[in-house]
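Just one chain is shown here, as structure tokens, and it is the form predicted on its own.
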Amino acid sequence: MSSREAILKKVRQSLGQPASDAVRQKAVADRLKKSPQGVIPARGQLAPAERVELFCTMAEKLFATVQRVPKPEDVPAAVAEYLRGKNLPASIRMGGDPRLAAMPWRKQRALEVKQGASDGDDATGVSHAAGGIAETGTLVMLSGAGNPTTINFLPEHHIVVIDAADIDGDLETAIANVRKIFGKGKMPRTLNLVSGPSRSGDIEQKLILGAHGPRALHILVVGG
């Protein structure tokens, strides 16, 4: 008998329940199946346009910069403009997300677009968020070949594209939408919730940007 089994046996004995208690097993299975929600704050329960505005406001409070663009075709020009404004190399790293791949990057002739996961030598990475959470200004980032997790953390500057229609009011709705994408009981290997650039105040309580990841987060909100 392993240590785990020994501990669980003692718990069952204290509760007076057998290991094969079908009623308790059914109760656990039913709760996992239904995925009940807790109390949801009212702050994010807004009309779509107001929800997008709240997302942008909260993201900026967390030291992110936000730019609105009318349509996906405008994203490459906005990325090039950001690089010029920050005096950064005209080079980006991004994954194979089909939404990013469909954008007219070739029109930005001076811009180098590198594909695949980052090895830490990239100044700027571009990702596409799966969703956003208005009440906290948080981005929902899913791992995979389309948006490698290394791009979330290794480049100094992280540019994230998000469709305005994918911004939800609260965390619970955002997680439920991820379940809809992958199916019940399935999730990507990693789901990162990104709220602003990396920062820490551990040393002398002085805020330092870029402590554990990108020192700058630029969000491009498409549409809305």
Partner chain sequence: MQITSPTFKENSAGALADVQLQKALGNVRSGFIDKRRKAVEALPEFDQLRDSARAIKDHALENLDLYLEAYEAKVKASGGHVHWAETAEDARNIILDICRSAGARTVTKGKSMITEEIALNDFLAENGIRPVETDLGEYIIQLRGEHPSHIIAPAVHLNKEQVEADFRRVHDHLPPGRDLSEPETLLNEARKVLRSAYFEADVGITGANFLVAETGTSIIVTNEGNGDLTQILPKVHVVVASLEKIVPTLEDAAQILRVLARSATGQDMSVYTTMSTGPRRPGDPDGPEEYHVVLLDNGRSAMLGTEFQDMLRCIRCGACMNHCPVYHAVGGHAYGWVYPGPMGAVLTPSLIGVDKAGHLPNASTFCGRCESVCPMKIPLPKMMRHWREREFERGLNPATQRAGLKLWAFLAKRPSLYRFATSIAIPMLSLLDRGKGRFGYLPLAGGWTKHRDLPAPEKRTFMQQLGSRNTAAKEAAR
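We call the rigid core the largest set of C-alpha positions that still match within 1.5 Å between the two forms. Numbering follows the first chain given and starts at 1. These numbers were taken from a predicted model, which means no experiment stands behind them.
Beyond what is shown, the protein has a form predicted together with its partner chain; the following relates to that form.
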Please tell me whether any heavy atom belonging to residue 104 falls inside 4.5 Å of a heavy atom of its partner chain, as the geometry stands in the predicted complex.
no
Does its partner chain come within 4.5 Å of any heavy atom of residue 154 in the predicted complex?
yes
Just to confirm, residue 188 within 4.5 Å of its partner chain in the predicted complex by heavy atoms?
yes
Is there a heavy atom of residue 172 no more than 4.5 Å from a heavy atom of its partner chain in the predicted complex?
yes
In the predicted complex, do 117, 145 and 192 all put a heavy atom within 4.5 Å of its partner chain?
yes
Taking the rigid core as the reference frame, is the Cα of residue 203 displaced by 2 Å or more between this form and the one not shown?
no
Rigid core fit then residue 49 CA moved by 2 Å or more between this form and the one not shown
no
